[in-house]
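Quick setup: one chain, the form predicted on its own, written in structure tokens, and binding and motion questions come after.
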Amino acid sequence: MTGAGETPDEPVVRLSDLRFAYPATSFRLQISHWEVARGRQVAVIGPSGSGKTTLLHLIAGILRPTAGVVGVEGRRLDELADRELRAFRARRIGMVFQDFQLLEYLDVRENILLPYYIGTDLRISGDVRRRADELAAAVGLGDRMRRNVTRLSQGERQRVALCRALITEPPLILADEPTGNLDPVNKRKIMALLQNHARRLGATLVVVTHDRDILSAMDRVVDFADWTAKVG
């Protein structure tokens, strides 16, 4: 799936001369150049506090860089207005947050469909609802669609967050510790769903993880401890 203005060989993620700092802290992230090609599955590992989650949030446009370029599918997210950025993210980026970020006043189905409420050019159709049902069934939540998310376990909430990230069939999937709250059986199911979904759509997958059991299945592993990014 190639969007308007893209070419098949263009990297899905491109960071250039990137600088980021949190106000009133000593944290600094500097990346001279980094690209992720279309369809690649990349794991990012490294010590806690090194900037892995910050990296994902910069790629998603949740955080804006202090300086430099954040490019996704040929669009410079650092140059987009907030409204345009939210619409682009809802349509083209699926994000699995480490803390899930579910809306507690909504049930499972409504949380899965949340990108369609946010994206101004997205519409909920019968096919979209069926896709939500299929995703929920694939992660063992098919019988909980009308349950409020406050009544779910941590592992179940994580699976809802995964379904939400995949519901728009985005070309870029960013996952922050997607197996962190799961038992070994569900860990395998979740990674298989993520990776198979990405392969089927030709989507790019970037996973931040401390789980070294999943690294052998990835195309590439980036270790912040050895990387050219400067973190301090």
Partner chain sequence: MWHLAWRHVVYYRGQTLLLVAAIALAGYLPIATELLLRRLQHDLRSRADATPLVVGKLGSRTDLMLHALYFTAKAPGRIPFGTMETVTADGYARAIPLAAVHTAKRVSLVGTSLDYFEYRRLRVSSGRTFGRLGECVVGASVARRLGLSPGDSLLTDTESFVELTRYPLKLHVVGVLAAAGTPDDDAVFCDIKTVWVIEGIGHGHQDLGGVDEPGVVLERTENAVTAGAALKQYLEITPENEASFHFHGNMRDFPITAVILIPRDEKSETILLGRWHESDEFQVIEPDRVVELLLGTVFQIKHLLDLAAVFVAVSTGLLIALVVLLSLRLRAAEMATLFKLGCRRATTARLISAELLIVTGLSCAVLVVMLGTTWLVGPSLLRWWIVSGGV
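Positions refer to the first chain, counted from 1. Everything quoted here is computed from the prediction, not taken from an experiment.
Below: the form predicted together with its partner chain, not depicted.
Chemist: Name the stretch, out of 130-138, 152-160, 117-125, 73-81, where some heavy atom lies within 4.5 Å of its partner chain in the predicted bound form.
Modeler: Partner-contacting stretch among the options: 117-125.
Chemist: Look at the candidate spot formed by I62, L103 and E110 and say whether its partner chain comes within 4.5 Å of a heavy atom in all three of them in the predicted bound form.
Modeler: Every residue of the candidate spot has a heavy atom within 4.5 Å of its partner chain in the predicted bound form.
Chemist: Is there a heavy atom of R144 lying 4.5 Å or less from a heavy atom of its partner chain in the predicted bound form?
Modeler: Residue-level check for R144: no, no contact with its partner chain.
Chemist: Is it the case that H57, even though its partner is missing from this view, gets within 4.5 Å of its partner chain in the predicted bound form, heavy atoms only?
Modeler: H57: yes, in contact with its partner chain in the predicted bound form.
Chemist: Hey, which residues along 82-99 are within 4.5 angstroms of its partner chain in the predicted bound form, non-hydrogen atoms only?
Modeler: The stretch 82-99, when checked against its partner chain in the predicted bound form, contributes D82, R83, R86, A87, R89, A90, F97 at the 4.5 Å heavy-atom cut-off.
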